[in-house]
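Below sits a lone chain in structure tokens, taken as the form predicted on its own.
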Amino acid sequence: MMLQVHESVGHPTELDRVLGMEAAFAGTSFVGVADLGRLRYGSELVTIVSDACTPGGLGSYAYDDEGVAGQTVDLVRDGVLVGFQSSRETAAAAGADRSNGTMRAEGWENFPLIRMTNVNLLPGEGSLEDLLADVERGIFMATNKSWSIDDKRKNFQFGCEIAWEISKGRLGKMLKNPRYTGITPAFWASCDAIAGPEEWKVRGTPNCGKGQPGQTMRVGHGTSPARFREVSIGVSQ
């Protein structure tokens, strides 16, 4: 879930990508400024925030490199796109009166870019066992090992190291090299359950790349296990 949030929500909501100012490394975005408040990004269960104030988050900080205080900002609220990660230069283009403080540079010698903070999928209710209990037949995947996503952040394929069959609410046979594919808004729209706060964990990504010349940044993601229906799945060879 951490990498899914990173690639299909974190990057496409960086406002410089949305405006076409950043395209040389990893592309732009499938969303536009006109989609704000209108685009159905996921199901009503999906709320995702950019939070520079997450305790212990690898992407937490007090101020960005434009001197703007770190903030908590809704990106997707109840499944609808409601915000972007912005800078002083770009905020007005999205109708905001100020930056939400996501302009950061790798070091003193680098030009600041809009970078993810901690982009978190907010928890729902119940345990992982509760999510599994309602599944008649499915697959539980863990430990991402590969990914591919287009330069608009819309069409993707993710591979994992391991999975287990789910049969009548219980984990069964172990599977190797599972993978799943999707289209970002359709995939998030298929989310019908997110586990609760007791399952929610913050993990870090120390090597998020962006820019040309390239810069590496530390970001974080808080997620719980989540359940998605009618997803295309398979096995990598």
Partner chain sequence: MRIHSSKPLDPETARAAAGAVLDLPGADEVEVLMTASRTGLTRYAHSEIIQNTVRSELRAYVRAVVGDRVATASTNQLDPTSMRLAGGRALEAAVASRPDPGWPGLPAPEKVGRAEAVGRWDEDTAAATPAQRARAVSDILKASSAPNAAGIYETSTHSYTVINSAGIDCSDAFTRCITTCLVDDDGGTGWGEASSHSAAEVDVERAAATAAAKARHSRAPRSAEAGVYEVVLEPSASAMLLEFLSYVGFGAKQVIDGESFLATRTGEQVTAGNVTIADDVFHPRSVGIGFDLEGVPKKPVTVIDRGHAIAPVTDLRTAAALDVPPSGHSSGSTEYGPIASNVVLYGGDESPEDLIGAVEDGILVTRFHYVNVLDRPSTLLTGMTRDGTFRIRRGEIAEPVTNFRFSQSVLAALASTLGIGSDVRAVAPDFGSFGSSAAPSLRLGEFHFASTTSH
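None of these values were measured; they are calculated from a predicted model. Numbering follows the first chain given and starts at 1.
Separately, the form predicted in complex with its partner chain exists; it is not shown, and the next lines address it.
is_contact(Lys152, its partner chain) in the model of the complex, heavy atom dist at most 4.5 Å:
Answer yes; at least one heavy atom of Lys152 falls within 4.5 Å of its partner chain in the model of the complex.
Residue contact check: Phe156 to its partner chain in the model of the complex, 4.5 Å heavy atom
Result yes; Phe156 sits at the interface with its partner chain in the model of the complex.
Quick check on Ser43: any heavy atom within 4.5 Å of its partner chain in the model of the complex?
Judged by the heavy-atom cut-off of 4.5 Å, Ser43 is well away from its partner chain in the model of the complex.
Would you please decide whether Ala26 lies within 4.5 angstroms of its partner chain in the model of the complex, comparing each non-hydrogen atom pair?
Judged by the heavy-atom cut-off of 4.5 Å, Ala26 is in contact with its partner chain in the model of the complex.
If the criterion is a non-hydrogen atom within 4.5 angstroms, does every one of Asp35, Gly169 and Ala193 touch its partner chain in the model of the complex?
No, none of the three is in contact.
Stretch from 110-118, 133-141, 93-101, 73-81 whose residues place a heavy atom within 4.5 Å of its partner chain in the model of the complex
Only one stretch passes the 4.5 Å heavy-atom test: 110-118.
Of the residues Cys53, Ala69, Ile183, Leu175, which one places a heavy atom within 4.5 Å of its partner chain in the model of the complex?
Residue within 4.5 Å of the partner: Ile183.
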